[in-house]
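A lone chain, given as structure tokens: the form predicted alone.
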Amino acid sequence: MDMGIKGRKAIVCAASKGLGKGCAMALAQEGVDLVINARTKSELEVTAEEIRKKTGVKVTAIATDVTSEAGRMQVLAACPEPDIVVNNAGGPPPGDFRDWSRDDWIKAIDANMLTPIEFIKATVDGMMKRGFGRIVNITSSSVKAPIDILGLSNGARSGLTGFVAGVARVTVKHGVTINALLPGQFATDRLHGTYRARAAKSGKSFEDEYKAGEAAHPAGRFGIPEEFGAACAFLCSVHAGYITGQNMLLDGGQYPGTY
């Protein structure tokens, strides 16, 4: 299927690896020029060059912290009129809510709620004026099924979800959609870190813990960034103009509910 977005311009946040990279690569394969960002310059440059070689699109790499206003301005200066924005940020650490300070909450809200809102604020009016725009927020399956030890993520990402629910109904008649992708367990560095920690605690090998996790999953495996990226590319396509304000769960059937 031709996604109909060749020649468009996209900003993809936290794109040096994992799900952000999967989204960036999928958009590039559809002919979308990219501005990608991450904090670590060396990793970001390697990803940028890989995407250039595989797809031939223009890729501009901006190593910065987009939770700061200065960082966002750097990214927006490189792509002042994006057609597509993919908001993404690493999740806050797990823990017991009794141990979290106000600063912990503010940091989580800044990264996982306010930064995406600032990117929406900076780009949505231009998108509406031009008659086309796609904004995709990468959140978490914990928005659908909260995880007790991920309270910082549950709260911040749910706040973003509630905000988008209203705005997305206003922008769609101008050709601009805003949706979220809710990842479950995907084979990323973050998941590998989780299973290394489990292995260290249990005394088992990483391989044994990881295989047990896959075996316990309804799909018998974890997701891969490439299939997550494909879902993102579809939401950014011309075919998804009637989908807005939605939260697409990609978890291989792990959520047990009907709705």
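A residue's number is simply how far along the shown sequence it sits, counting from 1. All values reported here derive from a predicted model rather than from experimental measurement.
Beyond what is shown, the protein has a form predicted together with a small molecule; the following relates to that form.
Engineer: Select from the listed residues 219, 46, 230, 191 the one whose heavy atoms reach within 4.5 Å of the small molecule in the predicted complex.
Structural biologist: Contact check passes for 191.
Engineer: Within 4.5 Å, heavy atoms only, which of 76, 89, 168, 152 is in contact with the small molecule in the predicted complex?
Structural biologist: For this set of options, the contacting one is 89.
Engineer: So, in the predicted complex, is residue 17 in contact with the small molecule at a 4.5 angstroms heavy atom limit?
Structural biologist: Yes, contact at 4.5 Å.
Engineer: Is residue 39 close enough to the small molecule in the predicted complex to count, meaning some heavy atom within 4.5 Å?
Structural biologist: Flag for residue 39 set to yes.
Engineer: Does residue 67 reach the small molecule in the predicted complex, with heavy atoms at most 4.5 Å apart?
Structural biologist: It does: once the small molecule is placed as it appears in the predicted complex, residue 67 has a heavy atom within 4.5 Å of it.
Engineer: Taking 4.5 angstroms as the cut-off for heavy atoms, does residue 157 touch the small molecule in the predicted complex?
Structural biologist: Looking in the predicted complex, residue contacts with the small molecule include residue 157, since a heavy atom lies within 4.5 Å.
Engineer: In terms of non-hydrogen atoms within 4.5 angstroms, which of the given stretches 24 to 32, 207 to 215, 58 to 66, 230 to 238 touches the small molecule in the predicted complex?
Structural biologist: One stretch meets the cut-off, namely 58 to 66.
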